[in-house]
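Just the one chain here, laid out as structure tokens, in the form predicted alone.
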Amino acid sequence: MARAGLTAERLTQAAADLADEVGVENVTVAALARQFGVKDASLYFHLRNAHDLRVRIALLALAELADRVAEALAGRAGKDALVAFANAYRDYARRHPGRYAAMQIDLDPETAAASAGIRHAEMTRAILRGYRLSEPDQTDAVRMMHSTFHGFVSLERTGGFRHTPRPTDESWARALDALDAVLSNWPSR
């Protein structure tokens, strides 16, 4: 029987908070059970295993980020939309490092297809239509944008830019300027 007050949603939220504190790789069913003051077995009514828990964190994070990006994009187009999307992405990764790391989990195709990852792709493609990109260039540009955002955020999170005194915000702004220039002047085939 399920312990009163424990739900899959409540456990997922607590696990996401824990991931932000200690890293997603350290989120286990045992660690979560300790937070609730229950035995591990009490959680298996709601969760299959630690991998299931991490996938739930990833799905929560994808949905949260999609909501933030959608808010940031409202009424914007072109470079303004690109910058709003990028800043929402970076801000989320900074505020929620464990959740962000969970979003990098390789989801099975069925889970991925049902996730908010689809919303991310749709919003990215909407931005790219403003640059007049069609397929297959859109797919290439989506990959380039994600690589730029993820690469910058990942290096920033791990201290990869500490070797120079230039503020990372200035480099971020220039990277977005460069990305806008590339998208505006996409090479023809």
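When you see a residue number, it is the position in the sequence shown, counting from 1. Since the model is a prediction, treat every value here as computed from it, not as a measurement.
The discussion below concerns the form predicted together with a further copy of the same chain, not included here.
- The partner is not drawn, yet in the predicted bound form one stretch among 126-134, 146-154, 38-46, 60-68 has residues with heavy atoms inside 4.5 Å of a further copy of the same chain: 146-154.
- With a 4.5 Å cutoff on heavy atoms, Thr168 counts as touching a further copy of the same chain in the predicted bound form.
- Shown alone here, Asp52 lies farther than 4.5 Å from a further copy of the same chain in the predicted bound form, counting heavy atoms only.
- Residue contact check for Val22: none of its heavy atoms lie within 4.5 Å of a further copy of the same chain in the predicted bound form.
- Contact annotation for Ala31: none of its heavy atoms lies within 4.5 Å of a further copy of the same chain in the predicted bound form.
- With contact defined as any non-hydrogen atom lying within 4.5 angstroms of a further copy of the same chain in the predicted bound form, the stretch 54-85 contains no contacting residue.
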